[in-house]
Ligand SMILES: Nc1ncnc2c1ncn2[C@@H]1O[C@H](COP(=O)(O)OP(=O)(O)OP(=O)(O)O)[C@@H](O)[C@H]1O
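We begin with a single chain expressed as structure tokens, specifically the form predicted on its own.
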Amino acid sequence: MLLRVNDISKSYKSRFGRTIREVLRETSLVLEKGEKIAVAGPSGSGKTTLLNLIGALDFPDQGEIIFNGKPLSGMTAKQLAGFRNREIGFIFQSHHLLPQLTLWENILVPVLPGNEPRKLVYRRAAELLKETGLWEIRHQKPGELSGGECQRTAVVRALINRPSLVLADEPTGSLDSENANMLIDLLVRLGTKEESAMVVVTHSMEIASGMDKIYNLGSGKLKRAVPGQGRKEQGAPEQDKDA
């Protein structure tokens, strides 16, 4: 097991401490190593909040998130920063590339804090860029690239450190349907090759159906979708806490 989310709750509060809106309520999830799931749900249902909690960008009001047998709540700020850089690859709806840097420089940003020999880092970056069709434009800056090229760059940046888990928040939201499908196919293919688990937040059931399992988030809780919708769904839904 890679990840266990145990009964987490999260509310947004006013500056006076009064609860304005409860986003997640005793939500649970189990994710195996290499497993790829989609989380669907209406806007405001808490999908981004869930990703932020799993990726240690925010913290639950109650409940626990356990990664590789270790609770995130027991980590110091320095340990959490190392965890995010080493274990998690983030992909957002907006690519968040640094405009002053080239494509090549942008994908190397996550590896700068590491101690891996530069020669090996450059070799891996080159391999990923060639596999994603970005090698020939590696010296261009984000303003000179198309939306699809920027998002492919974001995928490479997310995978450069060989993360155990990729968190993608509406990664195709700014793309047309053709580029969106190409990006998801690329993400799943590379994620499978790298043996990375994946949680993809999406409004698109077409995209969600490319994942191993599909969950719906509503009323603060995750529920398994009807079996057969995910690419590896079979049998009846598990009767555990995340179903």
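Everything numeric here is computed off the predicted structure, so don't read it as measured data. The numbering used is simple: start at 1 and walk along the sequence shown.
Keep in mind that the form predicted in complex with the ligand is not shown, yet the notes after this line are about it.
- Note on the interface: of 44 to 52, 191 to 199, 205 to 213, 173 to 181, the segment with non-hydrogen atoms within 4.5 angstroms of the ligand in the predicted complex is 44 to 52.
- The closest heavy atom approach of V23 to the ligand in the predicted complex falls within 4.5 Å.
- Using a 4.5 Å cutoff between non-hydrogen atoms, R18 does not count as a contact of the ligand in the predicted complex.
- Contact annotation for 75 to 90: no residue has a non-hydrogen atom within 4.5 angstroms of the ligand in the predicted complex.
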